[in-house]
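Next up: a single chain in structure tokens, the form predicted on its own.
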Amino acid sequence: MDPIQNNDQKVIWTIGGGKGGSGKSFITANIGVCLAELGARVILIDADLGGANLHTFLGISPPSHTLSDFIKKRVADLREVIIPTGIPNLQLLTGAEDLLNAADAKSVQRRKLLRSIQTLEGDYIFVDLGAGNSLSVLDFFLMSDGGILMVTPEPTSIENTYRFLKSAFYRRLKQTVSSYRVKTLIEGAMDRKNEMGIRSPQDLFQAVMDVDEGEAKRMLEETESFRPNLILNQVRSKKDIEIGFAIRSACQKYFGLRLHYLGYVVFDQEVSDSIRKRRPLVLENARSRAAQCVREIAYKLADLRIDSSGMKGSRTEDEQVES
């Protein structure tokens, strides 16, 4: 692939999914390396604030300067805690265990950090999120130009992915509307056993339409622009690959969302070996099957551009996954 031409168009990707162990840090580190090799300026941010370990995937010792130094005002500028990785064009900004605990993160700290991340200079910024559906994780996911869901072909991972997506979707809708009554409806809808009888986004839209037609239209427009992405990890069979298409169809049917299936990464023992060696797989064993899958996904992300309707690729989605 041709080198990436640096320009003023910065793209922020967030990697989430709701469940630990799905491979978010592995994907973040290795895609970052791939894009940096193409000449892009890449910043990786470890926002898994309860267990930051992205530095380990890059073979770096725990950094002495972290996001905590910025949040606690020990440094004035977020750029002061960015560290080099030893890989050209690739920098790292990592969190710390005592920072923004997922259960009680202060919204003012969250907003400050989100605003500062959006001012960083780079072609690509990847934010590796923690597990769970806390407000901190959801707000990071929603701040991006493209949110990526990591899922493995396991029932628990798939279930957690749906739960994460529903929470992110409803939070985005709540941030869109201004009516207190509509916000209350959205909050109620997030409880699957709510007494209002709202069991799906379609039920919610109808309930809002009955209350405020203008707000309902705004919610529908927001639904159209919300286009999350999916990567399936640890794939072992063709049947596993098809799970990605099934998730995409379910999102369209039950949420009315167009989910982009970016691709899959095959199960490969070389992945575990590279992690033990504290070296990105695409550098440790570039010819391995998993490394080739990661590189394909990285190239697809490099091809994506932002337009007025969101993130779009240069090829159809089925072509992207099956090529």
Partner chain sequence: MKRIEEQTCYEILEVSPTATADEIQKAYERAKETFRSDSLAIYSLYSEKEIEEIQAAIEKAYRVLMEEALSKSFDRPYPKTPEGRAEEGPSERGGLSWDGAASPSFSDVPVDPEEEPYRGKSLKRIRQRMGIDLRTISAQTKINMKMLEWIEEEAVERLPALVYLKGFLKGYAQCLGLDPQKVIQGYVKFLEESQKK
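In this text, all values refer to a predicted model and were calculated from it rather than measured experimentally. Positions refer to the first chain, counted from 1.
As for the form predicted in complex with its partner chain, it is not shown, yet the points below apply to it.
Mapping the unseen interface onto this chain, residue 114 falls outside it, with no heavy atom inside 4.5 Å of its partner chain in the predicted bound form. Proximity of residue 264 to its partner chain in the predicted bound form: non-hydrogen atoms within 4.5 Å are absent; the residue sits far from the partner. In the predicted bound form, residue 242 approaches its partner chain with a heavy atom inside 4.5 Å. In the predicted bound form, its partner chain lies within 4.5 Å of some heavy atom of residue 155.
Contact with its partner chain in the predicted bound form, judged by any heavy atom within 4.5 Å, is made by just one of 79, 181, 227, 253: 253. Among the residues 131, 120, 247, 87, the one placing a heavy atom within 4.5 Å of its partner chain in the predicted bound form is 247. Of the stretches 120-128, 143-151, 156-164, 181-189, only 156-164 has residues with a heavy atom within 4.5 Å of its partner chain in the predicted bound form.
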